[in-house]
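Just the one chain here, the form predicted alone, laid out as C-alpha cells.
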Amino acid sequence: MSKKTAKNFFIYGSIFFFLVLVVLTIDTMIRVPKRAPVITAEVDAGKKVWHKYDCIGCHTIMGNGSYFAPDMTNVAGRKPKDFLKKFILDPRAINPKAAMPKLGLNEKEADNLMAFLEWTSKVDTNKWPPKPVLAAARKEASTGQAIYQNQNCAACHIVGGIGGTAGPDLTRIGPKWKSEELTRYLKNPASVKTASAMPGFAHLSEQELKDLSDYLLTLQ
C-alpha cells in the first residue's frame, strides 16, 4: 500500500466513522427521553431526599452508588408500595435484624422518595439489573416452591442464603407455625399480626395458599 493510499484510507476512514458517531449520538438523543417517564415535582423532590439521606452511600441506582446494600433501580417494581414505604420509615419495625437504620424521614419525604423510586422502576434499563438466581431450578421445584418463586417472595425473604433482607429469613420458618395459621397469614397478614407490613396473597386460590404454606413448613 502506497503512502498516498494509506493517507486517503486514514482520512476518509476517520470521516466515515466520525459521521457514524454523529448519527448514533443524534439517534440516542432522540430515543433516550422516550425511555423514561415524565419527571414530576414529587420525583424531583424524591431525588433530593435520596441525596439528603445519602442513600447512595449504601445502595446503587442506575449503576451509581455503593454495593453495601441492594440495588434500588427497580425496587418499586419488586416490592409493594405500602410495604416499601413502611420499611423506609422504620426498617427494624418490619425486620428487627435489618441492617438499615431508621433515617428519620417524615411522611412527606417518604412519599417523595417513593415517587422517585417508582419513577426509576419505570425507566427502560434493558432489564438491568437481572433478577436474582434462585437455588433450585424451576423444573425441580415443588408446587409450593414454584409459587414462592412466581410471587417473587425472594425479593424480601432469604431461603438458604438467597434472597432479600427486607423481611425475615425463612430458612428455618417451618417449626414456628401451624399449617392453618400460616395459610391464614399468607392470605391476610394483618388478620394474624396487626402490625405486619407484609402484603397479603388473597389473589391466590385456597389450594395455592396451602401449597405455599406446605412448602414453607418444610423449611427447617
Partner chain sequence: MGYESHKIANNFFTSAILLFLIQIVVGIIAALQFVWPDFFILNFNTIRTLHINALVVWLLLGFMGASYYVIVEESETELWSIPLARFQFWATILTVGLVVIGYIIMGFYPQANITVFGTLLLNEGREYIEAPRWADILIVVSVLLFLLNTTMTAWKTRKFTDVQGVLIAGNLFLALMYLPGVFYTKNMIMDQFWWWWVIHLWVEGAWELIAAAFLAFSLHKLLGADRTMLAKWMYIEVGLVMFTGILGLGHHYYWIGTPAYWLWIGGIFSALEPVPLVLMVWDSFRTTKYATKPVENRVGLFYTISHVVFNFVGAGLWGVFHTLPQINKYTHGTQITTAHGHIAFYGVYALLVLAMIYIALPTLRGVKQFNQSRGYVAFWWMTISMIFITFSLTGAGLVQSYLERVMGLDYVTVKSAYNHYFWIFRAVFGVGFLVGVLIFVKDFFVAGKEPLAKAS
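A quick note: this is a predicted structure, and the numbers were derived from the prediction, not measured. Positions refer to the first chain, counted from 1.
The protein also exists as the form predicted in complex with its partner chain; that form is not presented, and the subsequent description refers to it.
- The closest heavy atom approach of Gln149 to its partner chain in the model of the complex falls outside 4.5 Å.
- Taking the partner from the other structure, its partner chain in the model of the complex has no heavy atom within 4.5 Å of any heavy atom of Gly77.
- When its partner chain is considered in the model of the complex, Gly161 lines it closely, a heavy atom lying within 4.5 Å.
- Contact check for Ser121: no non-hydrogen atom falls within 4.5 Å of its partner chain in the model of the complex.
- For the stretch 99-128, the set of residues having any non-hydrogen atom within 4.5 angstroms of its partner chain in the model of the complex comprises Ala99, Pro101, Leu103, Gly104, Leu105, Phe116, Trp119, Val123, Asp124, Thr125, Asn126, Lys127, Trp128, in sequence order.
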